[in-house]
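First, one chain by itself in structure tokens, the form predicted alone.
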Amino acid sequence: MKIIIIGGGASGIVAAINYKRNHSSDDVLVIEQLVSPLKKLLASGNGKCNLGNSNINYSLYNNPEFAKSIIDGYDYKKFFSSISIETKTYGDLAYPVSESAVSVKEALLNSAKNLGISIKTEEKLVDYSLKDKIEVITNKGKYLADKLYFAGGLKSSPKLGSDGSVLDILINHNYKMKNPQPGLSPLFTKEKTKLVDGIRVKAVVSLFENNKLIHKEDGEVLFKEHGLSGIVIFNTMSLISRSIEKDHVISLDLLPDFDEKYLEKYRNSHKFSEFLLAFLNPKISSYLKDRFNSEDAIFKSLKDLRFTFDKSYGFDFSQVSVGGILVSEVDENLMSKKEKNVYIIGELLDIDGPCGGYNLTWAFASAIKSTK
């Protein structure tokens, strides 16, 4: 049999390896539009490659039940050990012992090469059709396949290969989808933040959707010239993107280690300027004085500094796309319900999770589940 995989990213290469291991006599071809595969993988974990999570909380995925049905049984330690990558954890976060995404890339490509998998680069899918076999049309020619896997990304980080072109082709084949939005990215706020550009704070971040609290998470927030950033904000942006049409407000507790009663007592025993100096970066104090017109308002903002969501920073600055082909379009093995022997895996499906190995876990697990 001839197997063609569109997309040489994380899910595409792992799908190729797992399929070839299980069906050694079949021919496997990966078609990648960039000059080299796995380019997006190199950016994972700031180059250290956060390839998994030892304590997945499925409720943090959208479509959590479907995500769980695919990921259950996937063992990242077992798979990566099989390609000569040993792993370690920092908390729940799994990394290669080398702490190098380059080593993961090379191990995957070495495994693919040793299995006899063909990888064609700088070749872009144009269309496909189903006849007796599946005809795959690229900008360089035509191929016939018995099975076709779509593993291309959606629209996030287009310079790393995810330009949305594969999604457009699937839409033309009448697949239903949720319109992709940027996830895991900084966000613009309607309130000005230029005065605190570059300042980092430890904070508890609360997200309100149509005035209802839907998420709370602590972490480091980075103020940018026109908004907010940091991992906790990236996660917040993904949640906003799941219902982008609603109103969203982000609240920062700037002093999570101190309760309001303690702060009130300290305030009453000191000059207000001394109080601010004791607890805040002077630039943040200046920002709050510029933004609020009373000491009471400044004091209230310390535990509830609110920002109104304006827009995301766009796909160029996002790590994952929120949305994609509906999971109802595929079966329990990720084969299309519309087209036999056509599979959709990885980011193309409407599954996304927070930072911390969730999205690579989905990419790898969906690749393995679909190629048994």
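Note that residue numbering follows the sequence shown and begins at 1. Treat the numbers as computed from the prediction; the structure is a model and nothing was measured.
One more form of this protein should be noted, the form predicted together with a small molecule, which is absent from this view; the next part is about it.
Is Ala43 near the small molecule? Define near as a heavy atom within 4.5 Å, in the model of the complex. Within the cut-off, so yes.
In the model of the complex, does Ile344 come within 4.5 Å of the small molecule, counting heavy atoms only? Heavy-atom contact with the small molecule at 4.5 Å: absent for Ile344.
Does the small molecule get within 4.5 angstroms of any non-hydrogen atom of Leu34 in the model of the complex? Leu34: yes, in contact with the small molecule in the model of the complex.
Using 4.5 Å between non-hydrogen atoms, is Pro180 touching the small molecule in the model of the complex? Residue-level check for Pro180: no, no contact with the small molecule.
Which is the contacting stretch out of 204-212, 103-111, 165-173, 221-229, given heavy atoms within 4.5 Å of the small molecule in the model of the complex? Residues of 165-173 come within 4.5 Å of the partner.
What is the one choice in Ser157, Thr193, Asn235, Thr87 with a heavy atom within 4.5 Å of the small molecule in the model of the complex? After the contact test, the surviving option is Ser157.
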